[in-house]
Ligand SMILES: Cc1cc2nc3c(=O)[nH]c(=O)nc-3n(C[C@H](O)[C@H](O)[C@H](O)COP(=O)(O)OP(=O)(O)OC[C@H]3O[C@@H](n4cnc5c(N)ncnc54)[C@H](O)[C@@H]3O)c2cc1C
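A single chain, nothing else alongside it, follows as structure tokens in the form predicted alone.
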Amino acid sequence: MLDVTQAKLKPAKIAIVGGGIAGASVALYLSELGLDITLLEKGPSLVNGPPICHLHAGGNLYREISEQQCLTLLAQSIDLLRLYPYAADYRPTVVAVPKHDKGTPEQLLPRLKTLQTEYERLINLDPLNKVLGESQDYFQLFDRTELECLALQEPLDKPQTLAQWMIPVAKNADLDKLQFPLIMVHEFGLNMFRLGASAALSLEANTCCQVLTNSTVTRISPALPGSGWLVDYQQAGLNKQGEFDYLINAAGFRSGLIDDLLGFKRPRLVEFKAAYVSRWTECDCIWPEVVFHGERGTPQGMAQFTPYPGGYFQLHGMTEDITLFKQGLAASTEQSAQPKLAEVFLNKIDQSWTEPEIIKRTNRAIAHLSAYIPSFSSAQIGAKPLFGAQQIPGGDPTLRAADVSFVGDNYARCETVKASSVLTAADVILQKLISTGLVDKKTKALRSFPVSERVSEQVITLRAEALTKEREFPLSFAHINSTKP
């Protein structure tokens, strides 16, 4: 372990492997504390992984998870929104339960009321936590009569109330297929391109962090003397090496590869998922997000309808023909901490999809949503899918709230399943760094980021536009429909 006196004289050198949402956010957090951070990312830019499209401010999209996970996700989402305010699309989400579903809307209400009470408590603790609107407006119920009245109104360019946001749903959804009431909740959108732009610009503005993109870690070995690490990596065809006091594994679904380099065991799952991009040119109004509940993995799996500007919609259908894939879930083994996804999925991640599969699965997604929004059947393919693999620590595929684990005094794994967990992971890592003497014990957890706060929304938008161009997605994906009220 590094001598405490030495640590006070010289900031600890910390390597973070992986520049996804977890690695980039932890790098941002620790560099704002003045620590010496090196972020190694295999790809050309940061935050490019599984499709991110909403905060998960309360876990309302997942009926199967525990109430405690929902409360954790609520608090974590508030933290994330405070860190990345310009990455949010401030529009609500409608939760609908189809008639064919085994559940009922009433079964969702106790949890919503618990979340509303918890949100009010968090605001009382810190007024800056009021990022999801007023606590009394956290959710609202709409019966059929109210929806039929709203269907007679014209959608607004800038809806202000939850009722105004509901107008497009009331006019277009097949109400005969749904149970009532419908629930609208302040679960905002989260734009992956704007989030990536925010993180990259913040790190570039911080002299304590060195971001090394196009850098693949090839070997990790203990540094002698002491308990640090020698990290070998390849960048632009050149073999390089760095020496670090602490190592953070934030390699996402490839975290097991780093564990394997070090000989560490860790049970985990990896799941490949995809979302599909459609364009509905007949749509000329601003929508909320809409989620139609359904049993995961069945033909009636959850359908998710996420709006972007310009008539684009990101679609999820939790069936094996759309978002989920047969054999798309893999587990680690005694021989390797890295779950082995089938080669077909790795090819999709590292190379590309075939055009026939893009067409087939996107059309299936459009049909899946059209069962509830009939006029959406005229939508067309808007772009290639958003896709990636998601790591889940342990063996429970329904786990959504997770953060970090450790081996010894100088190795941490970021094990976030949802983007909202990244600051919790950073908090836990900070406490570990303090306990090992690498950081002064007087250091407090961060919820204010001066360097990041100086990055303007205009600059973030320009960088997000560059990312959409680099990754070959519509320019609209760099923008949001609704700004903070």
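No experiment lies behind these values; they were computed from the predicted model shown. Residues carry their position along the shown sequence, with the first being 1.
Only in words, not in the display: the form predicted in complex with this ligand, which the text now covers.
Checking 169, 248, 87, 274 for any heavy atom within 4.5 Å of this ligand in the predicted complex turns up a single hit: 274. Checked against this ligand in the predicted complex, the residues 186, 316, 293, 194 give one hit for a heavy atom within 4.5 Å, which is 316. Exactly one of the stretches 374-382, 117-125, 212-220, 197-205 approaches this ligand in the predicted complex with heavy atoms within 4.5 Å, and it is 212-220. In the predicted complex, this ligand sits within 4.5 Å of a heavy atom of residue 17.
At a distance threshold of 4.5 angstroms between non-hydrogen atoms, residue 266 is out of contact with this ligand in the predicted complex. Not displayed here, this ligand is kept clear of residue 155 by more than 4.5 Å at the level of heavy atoms in the predicted complex. Using a 4.5 Å cutoff between non-hydrogen atoms, residue 417 counts as a contact of this ligand in the predicted complex. Residues of 22-39 placing a heavy atom within 4.5 Å of this ligand in the predicted complex, in sequence order: 22, 23.
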